[in-house]
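Only one chain is included here, represented as structure tokens and corresponding to the form predicted alone.
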């Protein structure tokens, strides 16, 4: 059957009209994205939020009284910022109290040391532990050691964390913190003290979570400051028989209820589809939890607020999730994935801010290969905010890292973490480490990302299986 000239003209007309409509929608989305950027960069809201959290709540270890105060603070703050819905979901978290931790070299050169207990550690006997130190450069070196080198001693893992913009040095050394006590106990050690997983030269120790393993004896685990690690290494060069005395009194006290706190900007036409931006509400108890992760809380909360104030809401729902107990093992993130499993098919994309307040320089995705070029083009307006297009290998952030396993696309908004591990998990994690302008740039980027994803017409699934 031949097409008439009128039919051909009609087809061309409607095709052209559809193309014009798509171009107009694209232009409108990019225009709103630019306006969100301008508003965020001109605003102090993100810094005001993290100031409020660190001053009015401060350290908020999961399972503690301050943790629940933080939950109340979050509910009140999110409600005041105009979200359509604010609610919380219960999460069971372990309760651990830090207690006291002190150490000193007994011989041959008597000196005090700066240490801190690692999260989850048991304590020493009341009169402490005195024993020779045995040094290993890495966790792998400890694993390969003969038990006769280790039995009856205090293991010292002296693995130096290198500095990188991406923070990848942390991944190189953190195994000594998380799994060192298991490896040391299997070989008969009495305790383990590691070089802090940090890039600083301050005489402050970095805490962080450690693990025990069923069937392996539990031994006390601590971290010492980097200068103290240097000191012991120099002592051992002079005399291989260095004796340490260690006293620690942390306690594991069962479980308590904490909460994931959630706020939403309801989508205008696809309210059941979700763009998730998150951060974790808990912190360690040594500093005030400013960069880890008060900054992230401020970034995603401010971003959600800017979107909530738009005269026309985006198509999809923007959901802000402030996760519980990330520091104790991604507990809030795992709980969210379990509780929301039935609606994960409706999660369009997710991202978490949990790497301080350094400027965002790149955005990576984990979407279908066929969607990658389109999603990069769709977020091109973020380049005016200093955010360059990246790769398709994003993890999304700690608390959303499990979501790709359920088929949920994720994005990683890469921050400059050059100095993040100078302060991470130390008493030095305080508000003065945050640059308000850099924080505002982060809030702008997350607002742009969330809005553009909430408006996107791109099919982001299925994800490409990652090589194991």
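Residue numbers count along the first chain shown, from 1. Keep in mind the model is a prediction, meaning the values are calculated, not measured.
Keep in mind that the form predicted together with another copy of the chain is not shown, yet the notes after this line are about it.
A.B. asks: Just checking whether residue 428 would be counted as a contact of another copy of the chain in the model of the complex - the rule being heavy atoms within 4.5 angstroms.
C.D. replies: Residue 428 belongs to the contact set for another copy of the chain.
A.B. asks: Does residue 59 make contact with another copy of the chain in the model of the complex, using a 4.5 Å heavy atom cut-off?
C.D. replies: So residue 59 counts as contacting another copy of the chain.
A.B. asks: If you check in the model of the complex, is residue 66 within 4.5 Å of another copy of the chain, heavy atoms only?
C.D. replies: Answer yes; at least one heavy atom of residue 66 falls within 4.5 Å of another copy of the chain in the model of the complex.
A.B. asks: Would you please decide whether residue 240 lies within 4.5 angstroms of another copy of the chain in the model of the complex, comparing each non-hydrogen atom pair?
C.D. replies: No, residue 240 is distant from the partner.
A.B. asks: Identify which of 397, 304, 180, 287 has a heavy atom within 4.5 Å of another copy of the chain in the model of the complex; exactly one of them does.
C.D. replies: In short, 287.
A.B. asks: Which residue among 359, 218, 102, 270 has a heavy atom within 4.5 angstroms of another copy of the chain in the model of the complex?
C.D. replies: Selected option: 102.
A.B. asks: Spot the stretch among 150-158, 194-202, 304-312, 332-340 with residues whose non-hydrogen atoms come within 4.5 Å of another copy of the chain in the model of the complex.
C.D. replies: Result of the contact check: 194-202.
A.B. asks: Does anything in 229-254 come within 4.5 Å of another copy of the chain in the model of the complex by heavy atoms, and if so which residues, in order?
C.D. replies: Sequence-ordered list: 230, 231, 234, 235, 238.
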